[in-house]
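Take a look at this one chain, the form predicted alone, written out in structure tokens.
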């Protein structure tokens, strides 16, 4: 999936003296507080991390409680959707005016009526319903379907709530696309996704963040390099 990428960040985690007996655990716990929440400095949502310790403790902070700094290198997996990226999700709910899906089992996405092609007609069946393409009635989107869609907007204040669209080519029900869309079928057979020009190959982490914990803080002031990771769901 395009929006998944790996990144390496050089961080300094400030640890409370009460955790000096197990610094590795304190650092791991602190970074884990950032999981599944959007971080501006990483330009994405942290999904997982592995930490490598660089050396001895340094940079003791002044104050009543002398926190000590632990320099680490964090290898991170980030979810960083951007407009025009192609994502994949599972339909959880749909109606005549919208389709709602879940990406990676965590992130919500909504496709409104204006972004659903006119060739799709909604047919209600009992308490459910489905969208059926008038150009090929085998192309069906219903609850439980896996779909490909384009990103229109990302609301980071809502932890990466995504507004999507089925208007661009090579979008729709993934089962149908795997048979009837040559480009998507080629991507599946080759086991890779095409890179996008707007994906940043190098970014910087700047500023200092204090977490809502009393035992440690994270300071990230040195540059990091990141590269996109092509992963299929």
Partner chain sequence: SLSLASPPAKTLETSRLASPPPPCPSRRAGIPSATHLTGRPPGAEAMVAELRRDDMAEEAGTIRDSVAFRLVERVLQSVRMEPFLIAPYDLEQYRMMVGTLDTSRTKNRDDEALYVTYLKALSEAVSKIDITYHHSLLNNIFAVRIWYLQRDTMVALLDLITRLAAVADQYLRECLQMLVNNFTPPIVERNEVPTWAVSRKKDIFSHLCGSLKTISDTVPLAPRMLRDIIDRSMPKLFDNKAKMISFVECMLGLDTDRMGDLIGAILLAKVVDLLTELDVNITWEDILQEEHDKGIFEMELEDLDADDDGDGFGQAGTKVCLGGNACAEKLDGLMVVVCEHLKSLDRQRLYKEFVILKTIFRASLLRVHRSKFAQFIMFYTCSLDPKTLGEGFAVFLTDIVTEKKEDPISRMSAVSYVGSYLSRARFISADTVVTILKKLVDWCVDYCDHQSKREATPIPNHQLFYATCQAVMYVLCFRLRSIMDYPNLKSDLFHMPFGFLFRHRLEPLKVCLPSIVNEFLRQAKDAGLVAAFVDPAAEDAIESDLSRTFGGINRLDMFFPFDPYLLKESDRYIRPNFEFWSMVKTTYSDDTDDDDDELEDLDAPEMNVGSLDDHVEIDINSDDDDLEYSMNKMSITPHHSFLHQMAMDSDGGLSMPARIRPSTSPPSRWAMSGESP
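Numbering follows the first chain given and starts at 1. Everything numeric here is computed off the predicted structure, so don't read it as measured data.
Just so it is clear, the following notes concern the form predicted together with the partner chain, a form of the same protein that is not shown.
By the 4.5 Å heavy atom rule, the three marked residues 93, 114 and 160 all count as contacting the partner chain in the predicted bound form. With the partner removed from view, the residue among 186, 37, 28, 48 that has a non-hydrogen atom within 4.5 Å of the partner chain in the predicted bound form turns out to be 37. Although the partner is absent here, residue 144 sits far enough away that none of its heavy atoms falls within 4.5 Å of the partner chain in the predicted bound form. Contact annotation for residue 137: none of its heavy atoms lies within 4.5 Å of the partner chain in the predicted bound form.
Interface membership of residue 119, defined by any non-hydrogen atom within 4.5 Å of the partner chain in the predicted bound form, is ruled out. At the 4.5 Å threshold, heavy atoms of residue 97 reach the partner chain in the predicted bound form. Of the candidate stretches 129-137, 103-111, 144-152, 72-80, only 103-111 has residues with heavy atoms within 4.5 Å of the partner chain in the predicted bound form.
Contact residues in stretch 117-147 (any heavy atom within 4.5 Å of the partner chain, taken in the predicted bound form) are 124, 125.
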